[in-house]
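As structure tokens, the next two blocks hold two forms of the same chain, structure 1 and structure 2.
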Structure 1
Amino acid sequence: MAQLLLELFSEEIPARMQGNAARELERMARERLTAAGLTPERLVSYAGPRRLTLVVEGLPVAQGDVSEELKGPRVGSPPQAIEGFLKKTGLKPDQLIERDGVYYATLTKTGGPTSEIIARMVDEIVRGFPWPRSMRWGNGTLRWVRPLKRILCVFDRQIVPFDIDGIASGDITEGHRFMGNGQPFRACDFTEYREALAGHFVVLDEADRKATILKHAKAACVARGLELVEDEGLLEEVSGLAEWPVPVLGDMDPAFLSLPPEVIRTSMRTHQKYFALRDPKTGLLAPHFLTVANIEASDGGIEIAAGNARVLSARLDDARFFWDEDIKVGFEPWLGKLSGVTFHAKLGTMAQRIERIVALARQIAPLVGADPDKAAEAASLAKADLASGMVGEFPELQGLMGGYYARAAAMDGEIADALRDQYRPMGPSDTVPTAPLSVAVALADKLDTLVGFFSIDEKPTGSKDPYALRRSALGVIRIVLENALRLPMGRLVSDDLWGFFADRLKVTLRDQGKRHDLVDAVFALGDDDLVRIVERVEALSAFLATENGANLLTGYKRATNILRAEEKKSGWKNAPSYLRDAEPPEETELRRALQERDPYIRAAIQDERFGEAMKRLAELRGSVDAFFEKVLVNSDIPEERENRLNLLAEVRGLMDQMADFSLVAG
């Protein structure tokens, strides 16, 4: 058993592509090796700024013989067909195998040396690598994410010889671009490779780069009495930008702290890839930043810190320019500008969209406890910041800037908050707005988006959801549920869109561990109140988790099956059941139990005391079981039979008040 080490060394690979590239490299190699009958013991891949690396452990040095069965013509086919098959396979007639009336040929290929298979595999991987975008360079036709410079490929400590578009394989690679001696070096196995890289200032493993960054960043912060504002996405990115990551702490002019902290953080993050720092005592942003350099500078990083600080100042100067200009301009001119901006070719201008949101907000306000006039006012201002300079520069600050600018213009605090919170929740980890005015505007924003795109048939399909409609629907659901809002959704959305909400709610409830079929069973009632739907689903879940509940469901199913069969025959007319002479006591008892509980259960459902309704329903279990055990529904006496069917229909009818149990699995 032997080891394969492959390194594809290129010019700088975009940070965001590295993780996926490592996974693809591993997948492609695994598929090809397995297909060649060389099942490896272990595959590991690594990605960094200038290299993709693959290590395969436990490969045989030669491939075993591989036999392959080819399907040929049917027995009794014309002679030409059979001759053709013999020619193709190079076999004699007596070597064919006959099975199920078909000829088969078994071909045995002698296995080749593993290194030949590796050479072919690398060629295929390089030429077919699924980079999101790739390019050509120089006079060549090969495509890679950026120019590919070297291929190190050693198997069992020997170079696997091949050439891809003029790049010959070898056992040589390079270390850090600037640190170390800059000389290429040789590596014949993974241990040598990893050590030599470290000696040439390259941390191979992304996980190690991340750990190093965090460790040194935190140490640098502690030394200055600061705290790192952790940011996993940023950490991921910067760890793909440095082969030898060195955190450097720099200073920012404290005067910039008068800007909103989100502006400072966004500028630091999107433009400069800096971490923000805060004062652990106050929790507020501190006038410093942390950048991750790719070198241990000869002066200890003084120039790097100073240079980055100057760049940040220039960036924040620009942000301040936008802030000052925006405050001078204000909402009215922005709204004027937006009237000429198309929201979507089929959905009109931004001004038209604003009008729709205003109308919706006014309609929703009384339902969520907000003042309709104030909601309309907030909605009319909500989109203005899209025309501001700051949002033009940092689109992700939409809404938030509107809130700041509203406060700066001394507008009503509730209105400012509604502008700030209109896009929330922005993701699963974001909280939902709770202030009534904010809720009204946030719902109006999302519902307009959903109603609009559904009306022009731009619905999400499969993985395509260009207008993030799923996120909008989920946002509505979360706002409604988390604020326990009682909204008649049917009045706000079309049937089509309501179906979309139902699907989203199912996904949400399923993620919380609720059963899919229970959601269907409740939805079948046609209720359009999300809060009530969820409460029913929860009561139903609890009910079915009890023994009585599960048994009653069985009884329900049995009753339904009988009734369905009868309904098909259509001889039977549903009517109230009545007490007949000489009926079995179990029949009388079931009717009594049902009649006794009926008003309580209906009242409990009416009052949305679903837990209690379910508890009372569960009490029927004994009577239902006894009925099925002792009473034959299919009586010879037509009146008796009909009366029993009616009794079962009453059981079904009562249970259906709670949910459509026929949709419940089990």
Structure 2
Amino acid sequence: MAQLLLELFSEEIPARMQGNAARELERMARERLTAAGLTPERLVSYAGPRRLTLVVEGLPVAQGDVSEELKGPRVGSPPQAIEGFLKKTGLKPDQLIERDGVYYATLTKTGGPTSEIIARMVDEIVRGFPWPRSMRWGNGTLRWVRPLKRILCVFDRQIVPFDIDGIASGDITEGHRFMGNGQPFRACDFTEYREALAGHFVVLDEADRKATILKHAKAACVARGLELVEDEGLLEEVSGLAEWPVPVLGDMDPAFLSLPPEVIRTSMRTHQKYFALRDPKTGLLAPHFLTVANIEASDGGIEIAAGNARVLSARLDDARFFWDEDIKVGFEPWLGKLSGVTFHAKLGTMAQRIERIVALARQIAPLVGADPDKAAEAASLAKADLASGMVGEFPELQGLMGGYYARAAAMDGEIADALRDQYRPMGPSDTVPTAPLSVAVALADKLDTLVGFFSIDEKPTGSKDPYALRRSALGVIRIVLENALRLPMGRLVSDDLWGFFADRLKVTLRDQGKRHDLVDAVFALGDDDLVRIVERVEALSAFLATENGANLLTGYKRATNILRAEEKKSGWKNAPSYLRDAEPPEETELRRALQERDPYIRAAIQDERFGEAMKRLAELRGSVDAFFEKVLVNSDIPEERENRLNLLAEVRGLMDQMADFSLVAG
């Protein structure tokens, strides 16, 4: 078995594209190798600022012969059909195989050298690579994300010869643009390749680059008595910008700390790709930053830090200008501008959206313990900062800046918090608002988005969700559940949208390890209280995890099957059962057990003591088992059969108070 090493070397690949490019390279290679009958033992891809690399282990040096059987026409078919099949297969009549009255042809394809298959594979991958954006350069026809410079392709330590648009394959690559001394080098296998890259100041693996950045960044911070504000998204981005990452700590004017910390961090992150630093004693931002250079400077990074500090100062000067001007302008002029801003062609302007959110916030407020008038006031101001200079520069600060501007205008602190928290949670790791006023505004914002786009039939389809409606629905669910809000969601949204919430809740509970069929079983009751639904699912999950619960489910399904068969066969209708003379003791015992537990179970369900209700249900297990073991339901005596069917219906009806057990798998 042999190894394939492939490197596609180009000008800088945008950091945001590198991860997916590595995955696509791996996928495309695996698909083509498998289609050619070559199954690798291991396949790994790497991506960096200037190269995509693929390593395939355990390939045979030659493809084996492949046999394929083709089904032809039936024996006795018209001559034209048989002649056509012979022409298609290239065989003679005596080479066909007759089986079960049908002609078959066995075609054998002689395997070729693996290197030839690799050459074709690489050509197909390069020409058909799914870059989000690509370019053509020079006089060629090849398209790549940036000009493609070299193709290193060696198999079994030998060059795989081919040419793609004038770029010939070889065993040569190069290291760091500045520190790699400009001398290309050869590599005939992955070990040589990786070691040579490191010797020419290139860290191949993204995970290694990220680890290097964190290690040296934290060490630099400790040396200055500082703490790194970790940012996984930024770390991933800067690891795609530097082949030889070197963290450099710099200083900024402390006067900029008068700006909101989110403004400082966003300016650093968005424009400069800097990490913010904090004082570990106070937890507040420190007047310093950390940048990741792509070179080891002879002066230890002093000039790099100074140059980056000058650029950051210019950026923060702009941010301070926006802050000062926004404070002067205030909310009323911003709100006036929003009447001319379109939210969506079918949903009107931002001003009209604000009116809808105000109405919703007023409706929701008493349900969550907030003051309706104050909720309406907060909702009326919530979108004003969209017209501010700061949010125009940094859209990701919307809402947050509204909260700062409200405090600067000496508004009610609860209203300022509601403006700040209106978009939360922004994702699974974000916190949810907990103050009643903030909850009312946040729910109104998300529900208006969902109701509006569902009303114009702009629903998510497949993986497409251009208006982030799934995120909005999950945000509503998290706010409701984490605040234990008892909201009648069915009255707040349409049936169609309620079904969407049900699907999102299934995803949420599934991620927590809950079974989707249990969610279906509870939703079938028609409840629209998310908190109660989740409590029922949790109780049901715990119930079915016990031996009594699992066995009782079996009894329920057996009873349900019998009842459905009778309903279909004889038109049986449910009626109360009654105590008969000389009935089997197991029948009497089941009736007694039901009569004894029925009021307790119904009361527990009414009081939302679902765990207790399930415990009482589980106590029926022995009586139900004994009934099915000793009692013949389909008695030849009509009255007996009717009464026993009614008794089973009582079992089914009592359990259906908790969930529709017919939807539970098992």
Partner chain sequence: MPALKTLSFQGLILTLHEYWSHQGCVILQPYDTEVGAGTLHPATVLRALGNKPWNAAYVQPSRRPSDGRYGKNPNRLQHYYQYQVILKPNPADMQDLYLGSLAAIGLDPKLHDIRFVEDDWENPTVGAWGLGWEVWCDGMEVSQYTYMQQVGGLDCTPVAGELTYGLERLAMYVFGVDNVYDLPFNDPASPAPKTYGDVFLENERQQSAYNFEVLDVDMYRRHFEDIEAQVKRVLQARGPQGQALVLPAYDLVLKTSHYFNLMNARGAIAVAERASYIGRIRDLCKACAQAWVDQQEPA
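Residue 1 is the first residue of structure 1, and the numbers go on in sequence order from there. If you superpose the two forms and keep the largest set of C-alpha atoms that fall within 1.5 Å, you have the rigid core. Keep in mind it's a predicted model, so treat the numbers as computed, not measured.
One of the two isolated chains is the form predicted alone, namely structure 2. Core-superposed comparison between the two structures: the CA of R591 stays below a 2 Å shift. G389 is not among the residues whose C-alpha shifts by 2 Å or more between the two structures once the rigid core is aligned; its shift stays under 2 Å. V56 is among the residues whose C-alpha shifts by 2 Å or more between the two structures once the rigid core is aligned.
Lined up on the core, V75 has its CA atom moved by 5.0 Å between the two structures. If you overlay the core, the Cα of Y46 moves by 3.0 Å between the two structures.
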